[in-house]
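Just the one chain here, laid out as structure tokens, in the form predicted alone.
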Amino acid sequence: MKYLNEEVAKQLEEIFSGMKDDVTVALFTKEDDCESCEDTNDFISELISVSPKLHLENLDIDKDSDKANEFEVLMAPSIVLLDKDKNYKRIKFNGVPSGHEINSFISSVIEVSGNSQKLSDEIQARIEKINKPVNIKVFVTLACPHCAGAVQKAHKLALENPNIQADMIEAQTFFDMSEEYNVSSVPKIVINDEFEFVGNQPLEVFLDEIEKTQVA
């Protein structure tokens, strides 16, 4: 099955030309009990073929457990973006980033490549004050037009502060996890398994909730 037609491939080639440095896409799959792993591999393989600065590293969550632990990968399929020095940037896509999520994938690739979008001084100052561990889960569906924006914001926060980790979680692929976190609307954002909100909210709202986790 071909995922990208010629027109889309050319558009992506032009977009990825904005990458500063190379990015490695580390794709974790597993042999058993992973219905979407093969499709995810096919989609990512086709996607990265449009740019010479994108590289695919295929890994097995069980056989490559050391790497999975290093990158904090707990489920498959899972995608981790590594910078030019193969450094883990604390952002993941759990499930295939197709549909509307191709937009959050593209944005994250560009950022990890070193072509970063500047934030306001006020927002940057708030991010820099975060000094305790923060985990952001963003539950999405691929048909959701607002979810990619929420994923982009969560990933941007993680890229700007080493204390923050952000995961996109495709709600239908990981249905049991969605039930555990009572996901009924998307995007649903869960911070440190304690604070939550729904919708593609401004960065200020993300930070309002994150700052609650920083109180001693």
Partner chain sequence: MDVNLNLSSNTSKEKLTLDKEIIYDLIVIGGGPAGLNTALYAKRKGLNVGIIARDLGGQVLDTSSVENYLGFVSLSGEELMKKFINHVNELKVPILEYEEVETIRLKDSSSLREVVLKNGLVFNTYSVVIATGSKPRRLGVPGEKEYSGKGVCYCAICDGPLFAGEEVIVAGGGNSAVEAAIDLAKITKKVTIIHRSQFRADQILIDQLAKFDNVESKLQTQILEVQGDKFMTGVKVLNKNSSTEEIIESAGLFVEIGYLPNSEIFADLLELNERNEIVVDGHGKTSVEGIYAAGDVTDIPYKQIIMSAGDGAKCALAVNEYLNTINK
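Residue numbers count along the first chain shown, from 1. Computed from a prediction, not measured in an experiment: that's the story for all the values here.
One more form of this protein should be noted, the form predicted together with its partner chain, which is absent from this view; the next part is about it.
Stretch 39 to 47 is the contacting one of 25 to 33, 160 to 168, 57 to 65, 39 to 47, since its residues have non-hydrogen atoms within 4.5 Å of its partner chain in the predicted complex.
In summary, among the residues Lys137, Lys89, Arg126, His100, the only one with a non-hydrogen atom within 4.5 Å of its partner chain in the predicted complex is His100. Its partner chain is not shown here, and in the predicted complex it never comes within 4.5 Å of any heavy atom of Leu81. Heavy atoms of Asn182 reach within 4.5 Å of its partner chain in the predicted complex, making it an interface residue. In the predicted complex, its partner chain lies farther than 4.5 Å from every heavy atom of Ser113.
Mapping the unseen interface onto this chain, Ile106 counts among the residues with a heavy atom inside 4.5 Å of its partner chain in the predicted complex.
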